[in-house]
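Shown below, as structure tokens, is a lone chain in the form predicted on its own; questions about how it binds or moves come after it.
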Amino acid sequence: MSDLLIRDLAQVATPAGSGGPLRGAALRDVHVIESAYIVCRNGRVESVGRMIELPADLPAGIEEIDGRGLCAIPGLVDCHTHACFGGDRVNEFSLRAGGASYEELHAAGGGILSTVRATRAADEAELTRITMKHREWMRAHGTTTFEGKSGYGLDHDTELAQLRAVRAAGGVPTWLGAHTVPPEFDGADAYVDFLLAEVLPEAAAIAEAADVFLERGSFDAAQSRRYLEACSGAGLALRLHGDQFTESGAIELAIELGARSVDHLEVTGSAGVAQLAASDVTGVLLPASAMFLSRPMPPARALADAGGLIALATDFNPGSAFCDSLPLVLSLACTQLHLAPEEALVAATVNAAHVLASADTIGRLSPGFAGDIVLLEAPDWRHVAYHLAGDVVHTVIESGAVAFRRTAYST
């Protein structure tokens, strides 16, 4: 790996401290260095500081990036995506714009099942190509680490192909076998039997976590418990989709089983907020999905004020959040969830990394952490949230090497 110096940066902004995740008052604790530099050696951050502190003994031939007019933040971490899928749902988007609800579309054979048909029709090579393309989309918006779920196969071969495609694209694979019940099964119990007997042994060798959609019309708390307990026994970390449309016991189950996160929370009430805030389960908030479906926004402010763990993610998927931009999510977090820019940055870096069990290696610009850096073409790092849907990402660096550089506009 080559060594890298980024010099003369307007600002470096990074979550303070060295441990994670951050909650309570620490959620706003972002360390900002003016007129700064970053040195990466062997793919990791070696030092960060003010230009007047730049070491004099840098190796000859070190690659340099001129950071004048740029700000640096840690590489963004998208801890909840469904980036591996076939086809699209643009027709469904049009129907929803005409008044059809998400649940009505699902009951009519649309929704998840329409993507299942398209994903099953694609072979593994095509799924890998698609996921790599989506990974490039995310990278262009500053995402240096992403999680990707299966759940659009709902059979043995396609579920495993999705997990391998996510891994091949450099993502963190999560097995969402219990996404919904495919039409060839007579009910959720029979389908869970199949998943645990026929898919789990191989899925556990590829995935790092398991997820379940605990919701009316998909899997209830008892079925979710059976699935998650078996997955935990196979060595997988636990995640849950919960409280998207109904409060059906997802928070209680997540806390009882020690899940890493419960995601969505659009309908979580005050009792659920209090339970989650008193636990070590992270609430992953998906404001792009809530906006896309015209659903209530999750109670981010209440969770943060109560001392809860929160993270932000895109929920990138073809049906309910066709969004690959974490900066857009940060804008929504500030304008719709009423989080401060500092809280939003922490939630999309070190706290999201915690959900992926990586808060000790990614999510900060500190010595020893991965050299994953986003350079923003802005005078202040807060433009990453302030510039709504703006082309603010200038350069993306992964493991100390340039992975994306935006083409300059012609004048």
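The model shown is predicted, which means the values in this text are computed figures rather than measured ones. For every residue, the number given is its place in the sequence shown, counted from 1.
Form predicted in complex with N-(iminomethyl)-L-glutamic acid (NIG): not shown, discussed below.
Though the partner is left out of this view, Arg239 does not reach within 4.5 Å of N-(iminomethyl)-L-glutamic acid (NIG) in the model of the complex, counting heavy atoms only. N-(iminomethyl)-L-glutamic acid (NIG) is not drawn, but in the model of the complex it has no heavy atom within 4.5 Å of Gly171. Heavy atoms of Ile112 reach within 4.5 Å of N-(iminomethyl)-L-glutamic acid (NIG) in the model of the complex, making it an interface residue. Contact annotation: Asp315 falls within 4.5 Å of N-(iminomethyl)-L-glutamic acid (NIG) in the model of the complex, judged by heavy atom distances.
Proximity of Tyr152, Gln244 and His264 to N-(iminomethyl)-L-glutamic acid (NIG) in the model of the complex is complete: all three residues have a non-hydrogen atom within 4.5 angstroms. A heavy atom within 4.5 Å of N-(iminomethyl)-L-glutamic acid (NIG) in the model of the complex is found for one listed residue only; from Ser224, Thr143, Ser289, Thr282, this is Ser289. The contact with N-(iminomethyl)-L-glutamic acid (NIG) in the model of the complex, taken as any heavy atom within 4.5 Å, belongs to Ser320 out of Thr131, Thr268, Ser325, Ser320. The stretch in contact with N-(iminomethyl)-L-glutamic acid (NIG) in the model of the complex, judged by heavy atoms within 4.5 Å, is 81-89, chosen from 81-89, 134-142, 332-340, 253-261.
Counting a residue when any of its non-hydrogen atoms is within 4.5 Å of N-(iminomethyl)-L-glutamic acid (NIG) in the model of the complex, the one hit in 194-226 is Phe213.
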